[in-house]
Ligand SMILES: Cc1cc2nc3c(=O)[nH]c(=O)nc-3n(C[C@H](O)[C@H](O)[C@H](O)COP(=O)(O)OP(=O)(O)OC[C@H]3O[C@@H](n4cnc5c(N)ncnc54)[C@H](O)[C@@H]3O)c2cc1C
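Here we start with a single chain on its own, the form predicted on its own, put down as structure tokens.
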Amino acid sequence: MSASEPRPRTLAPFGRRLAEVTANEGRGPYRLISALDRNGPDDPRPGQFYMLATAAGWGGVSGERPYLPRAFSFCRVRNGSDVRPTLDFLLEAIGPGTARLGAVEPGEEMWLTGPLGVGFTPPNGRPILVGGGIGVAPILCLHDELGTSVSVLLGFRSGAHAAVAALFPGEPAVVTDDGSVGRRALVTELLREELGAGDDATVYACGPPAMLEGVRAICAEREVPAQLALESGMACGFGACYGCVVPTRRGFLRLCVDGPVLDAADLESAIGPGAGH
């Protein structure tokens, strides 16, 4: 797909809407939160995101923190004959917003806005999915779409964090920083081993900035196309605040409307102000 062609996206309904929290499960240090989005579309694209806020205890309390909603890629969408759709989000409590979201209980409600942004595009070769830490979220829903005949490479800080690898069907390749699960290595080492010279592959990746830069550099060296899901602090999700601007070869782009998925070839570096997980 050329830079001038629009990426496929599912448009968000106008305004924010309430969704009922149906589950909140612990997955190591992470929380897996499910929400019934009765009035939302049932076909968000892998790589798109939602702006989340709880209906209670958000803004105007504890010194008005948290106040702004938080942006999260969905990690799974589930549709049934009588339920449409249930969205799953993976998060780690690292501040007042994520702590409040991580504490929601079944029966509570959350405000959703989305799906927003543009996601991954279909592969032009063998798909290789690369996820690091909380960045496995959009990789999981992409895996659900592409099926099981893909290579999945995952990297985590520790064995506790690697607990979310169990969300993937089959047996993804897993490495950890401390060697407590799999071998002690970086996930980019797995990618180097997976890619052969002249490999007809498409790489999809999401994770921390250093990981994404490693993926970008390896794919540039091997001349393999790659799509990187970046993340940045966002206040609106609609491109109005310019809080998520990142530099690219095509100029500055707003991740909330031009991304969050960008072609690696469009980036001088995946490490930049506001970029990455």
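Quantities reported herein were computed from a predicted structural model and do not represent experimental measurements. For every residue, the number given is its place in the sequence shown, counted from 1.
The same protein also has a form predicted together with the ligand, omitted here; what follows describes it.
Among E92, E109, D144, D199, the residue placing a heavy atom within 4.5 Å of the ligand in the predicted complex is E92. Checking A165, L140, I134, L191 for any heavy atom within 4.5 Å of the ligand in the predicted complex turns up a single hit: I134. The chain is drawn here without the ligand; in the predicted complex, the stretch among 96-104, 169-177, 122-130, 156-164 whose residues come within 4.5 Å of it by any heavy atom is 96-104. Taking non-hydrogen atoms only, V224 never approaches the ligand to within 4.5 angstroms in the predicted complex. Using a 4.5 Å cutoff between non-hydrogen atoms, A71 counts as a contact of the ligand in the predicted complex. Among heavy atoms of L230, some come within 4.5 Å of the ligand in the predicted complex. The ligand is not shown here, and in the predicted complex it never comes within 4.5 Å of any heavy atom of V246.
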